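The form predicted on its own is given below as one chain in structure tokens.
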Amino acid sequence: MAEFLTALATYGFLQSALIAGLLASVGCGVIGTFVVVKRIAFMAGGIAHSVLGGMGAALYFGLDPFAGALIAAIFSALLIGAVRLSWKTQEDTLIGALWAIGMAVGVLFIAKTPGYSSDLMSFLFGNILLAPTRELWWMAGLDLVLVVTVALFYRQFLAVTFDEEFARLRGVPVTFFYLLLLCLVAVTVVLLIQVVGLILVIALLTLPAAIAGHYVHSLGAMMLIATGLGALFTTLGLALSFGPDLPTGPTMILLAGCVYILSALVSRQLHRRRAWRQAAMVRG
């Protein structure tokens, strides 16, 4: 750890990587909470893997791959949302098909891009150590969009997340806010791509919020705790991977996964003790 702290004070690329991890934690904390509570992780996975098509097309035509990712993510979110609203009986199959098509299109575009396709592994598994300043500004801007949108429409998102029928009775335009929520998930996916890549993005999007959900049931509290846990996992993952020269993204996810399993065991034990106490009080 001392070696990492010394290198952090010396090397600009490590400082950029740390900032990228902290910026990504905002998205995974705020939007990941909605994904976990509403149980739309599979839909978020479909959005994430469809993004490779946009990144590959942008790379092929000489454009910014993350601009292509953002366009593809929002398009996929709207398409998957429409599928969910209109084709409920075949929802999983259609989302799975979009997932696979997006990946296949992306790989084909990258394969036909002139020159050496060194970016493919970076897209799939992330490369936070190579995050340029330009992408940090991208991430900060996307974070601002997420936080402002959620703050403006928090009550509507809350209603749509917990009970769509009740929200509809209260006059909330459920379809609009549901699709808007999926678009925010799409923006968050683009945020996390630089950190852990497309393959692992769903883990970082959901695990911090899932851990927070073991201990609190308020949506706002879950967001705050999940954001803090996201910052912890990205920072510790960066530190732990530095010395032995391990891939940073998978190290972050492995750390988050281990903490999630431990938290699930602890939470279950606490729940059992609480149930025993309540049963003892009833018998007493």
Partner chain sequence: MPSTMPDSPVIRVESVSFSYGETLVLERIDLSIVAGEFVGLVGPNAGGKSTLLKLILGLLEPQSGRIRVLGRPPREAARAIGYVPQFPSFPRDFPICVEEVVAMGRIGLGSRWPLGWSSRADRAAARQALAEVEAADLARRPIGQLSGGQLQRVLLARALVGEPRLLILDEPTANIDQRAENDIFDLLAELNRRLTILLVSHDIAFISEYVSRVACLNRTLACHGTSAIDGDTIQHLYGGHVRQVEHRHG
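Note that the coordinates shown come from a computational prediction; the quantities given were computed from them, not determined experimentally. Residue numbers count along the first chain shown, from 1.
Keep in mind the form predicted in complex with its partner chain is missing from the figure; the text below concerns it.
Quick one: from 176, 87, 154, 137, grab the residue that has a heavy atom within 4.5 Å of its partner chain in the model of the complex.
If I apply the 4.5 Å criterion carefully, the residue I get is 154.
The single option of 158, 110, 78, 71 touching its partner chain in the model of the complex, heavy atom within 4.5 Å
So the residue touching its partner chain in the model of the complex, by this definition, is 158.
Among 57-65, 233-241, 246-254, 217-225, which stretch sits within 4.5 Å of its partner chain in the model of the complex, heavy atoms only?
Partner-contacting stretch among the options: 217-225.
Using a 4.5 angstroms cut-off on non-hydrogen atoms, would residue 41 count as touching its partner chain in the model of the complex?
Output for residue 41 is no: heavy atoms all beyond 4.5 Å of its partner chain.
If we define contact as a non-hydrogen atom of the residue within 4.5 angstroms of the partner, is residue 172 a contact of its partner chain in the model of the complex?
The answer is yes: residue 172 has a heavy atom within 4.5 Å of its partner chain.
Quick one: is residue 92 in contact with its partner chain in the model of the complex, heavy atoms, 4.5 Å cut-off?
Answer no; every heavy atom of residue 92 is more than 4.5 Å from its partner chain in the model of the complex.
4.5 angstroms heavy atom contact with its partner chain in the model of the complex for residue 37:
Yes, residue 37 sits close enough to its partner chain in the model of the complex that at least one of its heavy atoms falls within 4.5 Å.
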